[in-house]
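One chain comes next, on its own, written out as structure tokens in the form predicted alone.
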């Protein structure tokens, strides 16, 4: 990563350097920060950091799998493993680090791994298929990520940490205790204060056990060592460059080594402040410093911010500044709530300036506290008010405006608030993408994008630029404002709304939004009267439009529970209509390839068999996934299937700003993946834990724990209010994850609103949900019973019953698939009449 950043920085600054890159790995630079996402489906090529054409455009010669083996400093040559010799004027070492493996007996047995490269992860994934119990040696950042990966693969997971607490470098004793409680609640067993003495090896040469220094013995069949890293400085040692006493290539403030023609950057370098940095942001700053040094001689790196914010196993953890309170005369302000799993500590100076902090369980204030700490500015409020949750007193909501210009917003690229403001004011950037391109802020780890967006908006507003907040050109109101208008004024149609509160006749943006709000408030049939014309294509035909113009049908299967008879019905329908069938990850059976004309015929068969619409086409509740729970699973502690069915039937058809997904897991093993859903429930021995704001997709996010050990009725009531508050206040196409993230006060505010009724709206939210539950009607059953609604299901208005001949298919693996361009596909076979003896003519 650091090497790639150097190449980019050098390319941006121009110059006449001809660059050769000797790379040990078989692939170009990739994102190691998000390496764990490989286990959640991210492909190796998706982690690549090298833009297409970048190397050719800049004439960079990349040699994969051919690392440097020696350096002749006198001759200024590097010899690669292939034997090829390269001359140089400037040599940049970005050899990184290697994982440290304690030299305990058995450490090299089969089944022992490190966690460093994609190849490491591939090997772990392969081994885990036949493993049942895994252990991670090391409870630091990477160790906990590795533990999360093992747990996600279904292994009983242990973490062995030599220090007395997890993440000992980043968090203090209180934070470590809170983190441990949260991690153990997730089913990971933590052995802190224990060293690994031996890896037991079976007769087959495979790891089978671990002996710990506290006398414990663990039966394991997979071990991951994540006990720290060491600088890869052997190449430098061999050629006589100065290295530190504990490793690391010694460099000066320009990242130059003891040889004036050689530089070192990243984890292999011992910086001029005496530190070897193991984070990517300092590495990036070193890379940019050397690029400047090689182009105009102005490079400098003398130290970097080591603040950290991560979500480990779904738990927010952050530390910044003097997290351990080592400064003379410093004071600590603490908030700890072990019931909620929240720990917050601020370290302040005697004159009230913020020196550092630790946040566990709720790191929502990190984006503002860290820049305040780094800037040395005065706190905008007493520190105790900055750590209290909304429900525990009168909180002070500090905004971005409280930050000084020198506050560092993007640590990855060292971009300050002032630089972002300047990009808007001086460089004319009018939106976030332009500012990203101009400053590189938000293009690293991405954790600062939310703050970046706020700063850009504030600066545009301050410059007199009107920042449009309206839904579209027809409404100057946001979706949340339109919801309130429609509800308070009792508006039941689009025409009245646009007449009284908008302009024009509407568009593809505002019409579906208004249709969704009307459906949320009235729950009438979406194809009735004026509402029918507001729907987008999918809702218009109550089915998902696919790439070749055909549609898919998805019957609801609550909780994934289905009888053999129902399975046979779906199979018979698919066979009779020649549909492609696929079992989805959401416990559904998709039926693909239906023409518009066939949709009512297919649904007639399904409705008669007791199925109803799964709403896969709408911005509505999709699925409530479940594991088998205590009914079948020997680890289950609650009836997850029963609860999943109850939730899905309760919220079926609920229209919302975006699709909603949910899951219920019967125990902490989390087989239903509830923490990746908009709302997820995990059983405990005392009740149910409720998580909110998770999602998969392009920007996956673990859900946050909203409440613990809820009884059944409290759980249902809390979910009711959460969903209705979301539907009422979210913006267009805003999923619950960004909605929760942008909420001022975050989870604390959400809890205060829906659990403590801080806004006095809970009765209203309860009433809205109760109305939805009582008035729900299956849209497809109602459609089949209404000839007027059925008339829209034709490919040609003037030839009802005639399928669209342009919708064609080819056979593949004994099923159909859409024909690709150039393929001679055939229309979907139909058993009925193509056209009647007389063609019915309609004019609309």
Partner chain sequence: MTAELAERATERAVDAHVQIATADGGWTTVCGVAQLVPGRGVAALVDGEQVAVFLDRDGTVYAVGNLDPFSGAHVISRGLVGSRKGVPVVMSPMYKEAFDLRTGLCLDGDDQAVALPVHEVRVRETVAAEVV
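Superpose the two forms; the largest set of C-alphas matching within 1.5 Å is the rigid core. All values derive from a computational prediction rather than experimental measurement. Positions refer to the first chain, counted from 1.
Omitted here: the form predicted together with the partner chain. The next part is about that form.
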Q: Select from the listed residues 563, 631, 533, 298 the one whose heavy atoms reach within 4.5 Å of the partner chain in the predicted bound form.
A: 533
Q: Name the single residue among 181, 450, 717, 474 that comes within 4.5 Å of the partner chain in the predicted bound form, judging by heavy atoms.
A: 474
Q: Indicate whether the partner chain has at least one heavy atom within 4.5 Å of a heavy atom of residue 540 in the predicted bound form.
A: yes
Q: Please run the contact check for residue 506 against the partner chain in the predicted bound form: heavy atoms, 4.5 angstroms, yes or no?
A: yes
Q: Using a 4.5 Å heavy atom cut-off, state whether residue 129 contacts the partner chain in the predicted bound form.
A: no
Q. Does the partner chain come within 4.5 Å of any heavy atom of residue 189 in the predicted bound form?
A. no
(Q) Please identify, from 779 to 787, 804 to 812, 26 to 34, 56 to 64, the stretch that has a heavy atom within 4.5 Å of the partner chain in the predicted bound form. (A) 804 to 812
Q. Is any part of 537 to 556 within 4.5 angstroms of the partner chain in the predicted bound form by a non-hydrogen atom, and which residues would that be?
A. 537, 540, 541, 545, 546, 547, 548, 549, 551
Q | Large Cα shift (2 Å or above) at residue 733 between this form and the one not shown, core-fitted | A | yes
Q) After a core superposition, would you say residue 184 shifts its C-alpha by at least 2 Å between this form and the one not shown? A) no
**Q.** Flag for residue 85, CA shift 2 Å or larger between this form and the one not shown after aligning core
**A.** no
